Each structure stands twice: as structure tokens, then as C-alpha cells.
Ligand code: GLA
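One chain follows as C-alpha cells, the form predicted on its own.
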Amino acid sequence: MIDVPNGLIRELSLDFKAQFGRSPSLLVFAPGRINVIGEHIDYNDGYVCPAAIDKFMGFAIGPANGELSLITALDLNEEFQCDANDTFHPEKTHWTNYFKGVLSQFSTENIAPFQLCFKSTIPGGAGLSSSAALSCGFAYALNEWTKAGKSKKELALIGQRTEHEFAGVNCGLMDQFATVFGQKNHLLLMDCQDLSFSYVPADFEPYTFLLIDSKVKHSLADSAYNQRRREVEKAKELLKSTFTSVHSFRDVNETQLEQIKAEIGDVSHKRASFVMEEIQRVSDAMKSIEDKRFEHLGSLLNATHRGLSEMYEVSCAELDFLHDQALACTGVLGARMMGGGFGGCLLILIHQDDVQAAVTQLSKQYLAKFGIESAAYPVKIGQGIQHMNWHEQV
């Protein structure tokens, strides 16, 4: 039996039947993710430490009646009809780009017409990687539908290329790997250089993770993300051309970075300094988790937030306020903004007995400061993409 709430399975199945008059052939559930530490490091040669969570993008698929395929976005009440074997091009900021991007990478397959509906329990715009769940979940469903036999790694790469070529976000592979390879009650320690990974037991008792959603996403988020990549890659390329021993940021020391500061400028220097520090923090965090030194892990989360705010400059006033207020709450060991930046969620490491009091306190303070209702998401670390055929349902 798959590790997905029975209510979501039933609801998605009934939604499909209401839309198309029959039961689906296949259900697929792709989770969102948190990243404990290692932010903006997946495209910077470091290690990252994400985990799948118990919030999902759900897909139901079955055969179409005619020659065209039909995709229904249940949460948006919108449809997309197409010849699945057509040639696709991206539109400006539209949800169909994720489906077009995946379909274009199955172009060598003869895709039988299908009907599909999808819905999400992953909060949108919260930095929980709903886009990776969307692209990888559809790629997984299409892989099952066509019997293409693509590996999990190939499906993750399809999700990444969809982001690059159809969504215009030059992301790394962390989100896609977490969605595809996540394992219940484990973190995923991923080497972003060679894409190898291992599982780390996620036993944080008596502490847990809490997400506070700022409910903001500033409009510069995607363009600024791509700009940060250009700024940090400027430093990396000069380091590699200047020092023969440097192949990635893992090989760089502070002296070398200082030597090129004048040439790359203050901005690229700050970006590169953050990357080097964050790579070391991931290593320190893994040791803290292994030794169950959760107070130290909390201090590393705080250091990451400061670096993201002051050095990588991807935070915002709302997240910085939530971070400062969270540290004053009883039972909190540490917190940091999570995701690409400029909005989304604050990740808090907190004693499980103090969660409700912290939620109440933070929501009240945030509303008073910004006039915005925040949202709280206690999360459990769950399984990666799962599927079930209709006949498996009880």
C-alpha cells in the first residue's frame, strides 16, 4: 500500500470519474520537499540535504475517447487539450509549460491519447517545490503510461530540463531528486557534482520541523534567481582559470577568493563567500544530526539564514521578521528561509511540545506587522513519487 492519505486517493479518483465518466487507470502522487540545509548549493557543486514531505501533487490518468489528450487542472478549473505527439513550445508563465516540457522529452514514444486530471495539497508559492512535483510527477505518469522504461534519474533530469527550457528557471537538480528519490523518515544527502546520494536517518525526537508560510512571493523571484546564478558563476569561472587546483567551489579557500575579489567585484565575492560557507555548513550539519546535537544544528540554520539574507541577498523583510520572531519563541533551536527566496516559507527546528504556541505567537506578530495572514504547516518526512493502478485500490 502506498504512503498517501486515503482521503486524497479517494478524492482524486472521484474527481477523475466526475470529469471523464470513468475510473482512472493509474494514480501518481509526487511529494513536495523541504531542504534542511544547503540552499542555492545544488547548482554550485556542493552537497544538499532535502527530504520529501507528506504533501502531494496527485495525478489520475486514463485513456481518451478520441485522438486528442486532455489535461485538467482541478485547482484552477482549467483545461489543456493537445495531440500528445505534437511539437511543443513554451508560453509565457503558464502552467501548461510544465506538461509541454515533459511531453517534448517523450517525443520518441508513441503516446496513446490520454485523459488526465491533477490537483495539489502542496501550498503554491511556499518554496516547497510544487513545480518539481508537477513536472516529475507527470513525467512519472507518462513513463508508466507509455511503458518507456525511463529510470528515476532520467525522470528527474526531465523535470530539470522542463524548468530550464519551458519555465525559464535555471535550477539545479535538488528539488527533482528529492521528489523522485525521497525515502520516508530519511533525509537525502545528495552530491550535486556527480549526483550520487545516500540516505540519512531523520530522527529528530523530541524536535520536529515546522513551516511558516509568509504568503508572499515577490515578483523578482525567478529573474533574481537566474541573476544569482550568473553572479556566482562569474566567480567560479575566474577561480578555475586562475588556479589549476580549483575545479569547483569545494576546492576553493578564502585566500584564493580574496585574490580575485578586485576582478569579480563585491557582489560576486559575497555570493561566492556564501557558497563556500554553506558547503561547509552542510558537512557540519550532517555531523550534528549523526551525533544528535540539535542545538548546534539550529545554530547552523540561523547562520544559513543570515548568509541568505546578507550575502546571497535572496531573503525579504517578511522572512527576516519571521526569523527574528521565531528565535524568541519557546522551544525553537533555529530557523531559516527556505527555497529560491523573496518569499515562501521559514523552516523552524522546534520542540514538538511547543509547536502550537509558536504558531499562535508568530501568526499574531506577523499579522500585526504586515497585515498578512501566515499559514503553518507541520511536516512529516515522507516517501518519493509513488503510484498505484486502479485495481490495487481497496
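For clarity, every value in this text was computed on a predicted model and none was experimentally measured. In this text, residue numbers run from 1 along the sequence as written.
There is another form of the same protein, the form predicted together with this ligand; it is not shown, and what comes next is about it.
Trainee: Mark residue 252 yes when one of its heavy atoms lies within 4.5 Å of a heavy atom of this ligand in the model of the complex, and no otherwise.
Mentor: Residue 252: no, not in contact with this ligand in the model of the complex.
Trainee: Does this ligand come within 4.5 Å of any heavy atom of residue 276 in the model of the complex?
Mentor: No.
Trainee: Indicate whether this ligand has at least one heavy atom within 4.5 Å of a heavy atom of residue 340 in the model of the complex.
Mentor: Result yes; residue 340 sits at the interface with this ligand in the model of the complex.
Trainee: For residue 225, is any heavy atom within 4.5 Å of this ligand in the model of the complex, or not?
Mentor: Yes, residue 225 sits close enough to this ligand in the model of the complex that at least one of its heavy atoms falls within 4.5 Å.
Trainee: Can you pick the one in 322, 211, 84, 174 that has a heavy atom within 4.5 Å of this ligand in the model of the complex?
Mentor: Spelling it out, the residue with a heavy atom inside the cut-off is 174.
Trainee: Go through 362-370, 57-65, 31-39, 346-354 and give me the stretch that gets within 4.5 Å of this ligand in the model of the complex, heavy atoms only.
Mentor: Selected range: 31-39.
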